[in-house]
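In the form predicted alone, a lone chain appears below as structure tokens.
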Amino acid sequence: MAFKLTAADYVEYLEITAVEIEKSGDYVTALDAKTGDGDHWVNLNSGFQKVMSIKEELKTMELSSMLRKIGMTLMSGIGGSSGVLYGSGYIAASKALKDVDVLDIESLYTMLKAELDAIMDRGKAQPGWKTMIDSLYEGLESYKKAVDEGEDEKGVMEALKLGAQQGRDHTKEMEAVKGRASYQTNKGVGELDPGAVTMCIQLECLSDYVINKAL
């Protein structure tokens, strides 16, 4: 059975994600205190809670407009560099899906790839630099590989989740190229990147949502 996610479905996924991000507060903040400024979770959670404050409005919008609204809301709600990156990602996704009514296996990849490209371009960063990009990049690489190998849609979603987890875990051994961790003697080696952790949470929730709700 092929999955189809409406704008309202996507908002429901975001509701689940917002809860999981909120629950991760102590862990992510402690992790970020070792490698960053210690405010990643506070800022990200603030942005997601702001999105939740307009969730009923978002559910009534067409997909592209909804994604743009989410991007603008995250940009203002998160603030700082992370806000710009998340905002840019969602706004790029809205442009890539301007003529799409529902998300399916192909358009979901298009959406996530547009987000990845925008985040890399705006942040002037690459995979392997110990950032949130690593979870998204490896998740999408696994997604594409599963599609190319003819996996069913459940298998593709499981590949997205596993790839995101591997991307997150790989940041533990990476040297930070940007940010506060890059100024540490060991450049953050031995610790997970908090941005990769929270990006992974989002992709885990997305994978689980598609499998449990839409498939």
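Computed from a predicted model, the values in this text were never measured in an experiment. Residue positions are given as counts along the sequence shown, with the first one as 1.
The protein also exists as the form predicted together with ligand ADP; that form is not presented, and the subsequent description refers to it.
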| query | finding |
| --- | --- |
| Contact segment among 131 to 139, 69 to 77, 106 to 114, 93 to 101, judged by heavy atoms lying within 4.5 Å of ligand ADP in the predicted bound form | 131 to 139 |
| Contact of residue 123 with ligand ADP in the predicted bound form (heavy atom, 4.5 Å) | yes |
| Contact of residue 37 with ligand ADP in the predicted bound form (heavy atom, 4.5 Å) | yes |
| Contact flag, residue 43 vs ligand ADP in the predicted bound form, heavy atom cut 4.5 Å | yes |
| Proximity of residue 55 to ligand ADP in the predicted bound form, heavy atoms at 4.5 Å | no |
| In the predicted bound form, the residue from 180, 59, 50, 154 that sits within 4.5 Å of ligand ADP by heavy atoms | 180 |
| Residues of 187 to 215 having any heavy atom within 4.5 Å of ligand ADP in the predicted bound form, listed in sequence order | 193, 194, 195, 196 |
